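Take a look at this single chain, the form predicted alone, given in C-alpha cells.
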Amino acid sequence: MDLFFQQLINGLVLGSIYSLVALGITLIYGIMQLPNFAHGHLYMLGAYLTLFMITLYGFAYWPAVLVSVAALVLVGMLLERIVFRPLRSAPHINSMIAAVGVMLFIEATARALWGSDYRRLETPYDDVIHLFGVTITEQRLIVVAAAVLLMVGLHLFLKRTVIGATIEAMAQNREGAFLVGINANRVSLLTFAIASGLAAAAASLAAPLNLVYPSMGAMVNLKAFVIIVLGGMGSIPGAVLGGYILGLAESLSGTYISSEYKDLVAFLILVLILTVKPTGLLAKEAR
C-alpha cells in the first residue's frame, strides 16, 4: 500500500507540471483559437535560463526562477506581437504553420547555442521527508505547492480583476467582447505573457527533477495537447484536471505495468477520450 501512495505523490508532482504547461496552451487557444505548438519549447527555454542563471551567474534558486519567468514573459509578448498578431486576419492554417516554425527555430537556436548535451540542475532542496510511509523530497513538495499557488493565483486574477475579466470575456464570446470595446491586442498580448510565464515557472520547478536538453519541450508539448483534449479545448479547469489525471495515470502505470510504456499511456488516454467524449471532460459550451 505504501508503494501505491508513493506513486500517488509522484503522480501529483508530475500532474502539477503538466497542468501548468497545459494552462498556458489552453489560455492561448481560448483567446486566439491558436494551438501554440511552440509552447513546449518556451518551457525548454525557461529551464535553460534557470540553469544558466544558477550555474553561470551564481543566482540563488528563487531569483533565478524569477529571472526566467520575467524573460519568458517578454519572449511570449514578442512572439505575439511579431509573429502571431500580423497573422490574425490570415487563414487559420497560417498561424499554425507559424507556430511550428517558431518551435523549430527555438530548438535549432538552443542546439546551436548550448549544444545537445544533457545537463542537470542541482537543487538546494534535496532533503528527504518521510511522511506516513511515503518518501518525498523537498523539491517535489515545492513543485506541488508552487503549482497550486500559481493556479489559485491565476484563478483569482481571472475572476477578481478587470483585466482578468476581459480575458475571460474574450474567451467566452469573442464577438461580444469586441462589441463592448475590449482591446483584443492588449488581451492577446497579456495572454501570451501569462502563458509563457507559466511555462517558465513549470520548467524551473521541474528542472531539478529532470534533465535539461534542447528537445525536452517536445514530449511535454505532446502531453499538454493530450491534456487539453482530455479536459476540453479552451477549458481552464479541464487543463488542471487533465494534467493531474495524466500525471497519476503515468505514475501508476509506470509502476504497476512497465515504465517503458509510461509515455504510451498519454496517447491511449487520447484515443479513449476521442472515442468516448471527443469534446473533453469539461468542454466549454459552444459559442
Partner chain sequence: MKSFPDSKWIAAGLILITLLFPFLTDNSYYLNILITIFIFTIATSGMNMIAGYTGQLSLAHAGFFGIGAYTYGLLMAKAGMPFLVALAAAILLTGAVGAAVGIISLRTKGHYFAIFSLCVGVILLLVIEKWESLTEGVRGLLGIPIAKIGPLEFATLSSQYYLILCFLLLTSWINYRIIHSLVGRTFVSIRNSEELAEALGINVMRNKLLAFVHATVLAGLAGALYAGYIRFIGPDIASVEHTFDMLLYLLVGGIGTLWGPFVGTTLVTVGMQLLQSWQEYRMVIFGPLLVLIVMYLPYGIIGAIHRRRMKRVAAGQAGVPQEAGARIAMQDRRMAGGEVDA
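Positions refer to the first chain, counted from 1. Worth saying up front: this structure is predicted, and the values here are computed from it rather than measured.
The form predicted in complex with the partner chain is left out here; the points below concern that form.
**Q** Heavy atom within 4.5 Å of the partner chain in the model of the complex: which of 187, 102, 71, 212?
**A** The residue from 187, 102, 71, 212 that makes the contact is 102.
**Q** Quick one: from 53, 31, 229, 241, grab the residue that has a heavy atom within 4.5 Å of the partner chain in the model of the complex.
**A** Only one option qualifies, and that one is 229.
**Q** Spot the stretch among 150-158, 118-126, 177-185, 77-85 with residues whose non-hydrogen atoms come within 4.5 Å of the partner chain in the model of the complex.
**A** Looking at the other structure, the answer is 77-85.
**Q** How about residue 133: is it within 4.5 Å of the partner chain in the model of the complex, going by heavy atoms?
**A** Taking the distances in the model of the complex, the answer for residue 133 is no, it never comes within 4.5 Å of the partner chain.
**Q** Would you please decide whether residue 61 lies within 4.5 angstroms of the partner chain in the model of the complex, comparing each non-hydrogen atom pair?
**A** Residue 61: no contact with the partner chain in the model of the complex.
**Q** Answer for residue 233 alone: is it within 4.5 Å of the partner chain in the model of the complex, judged on heavy atom distances?
**A** Yes.
**Q** Using the partner position in the model of the complex, report whether residue 222 sits within 4.5 Å of the partner chain, counting heavy atoms only.
**A** The answer is yes: residue 222 has a heavy atom within 4.5 Å of the partner chain.
**Q** Report whether all of 146, 165 and 251 sit within 4.5 Å of the partner chain in the model of the complex, measuring from non-hydrogen atoms.
**A** No: no residue has a heavy atom within 4.5 Å of the partner.
**Q** Relative to the partner chain in the model of the complex, which residues of 239-266 have a heavy atom no more than 4.5 Å away?
**A** Going through 239-266 in order - heavy atoms within 4.5 Å of the partner chain in the model of the complex - the hits are 260, 261, 263, 264.
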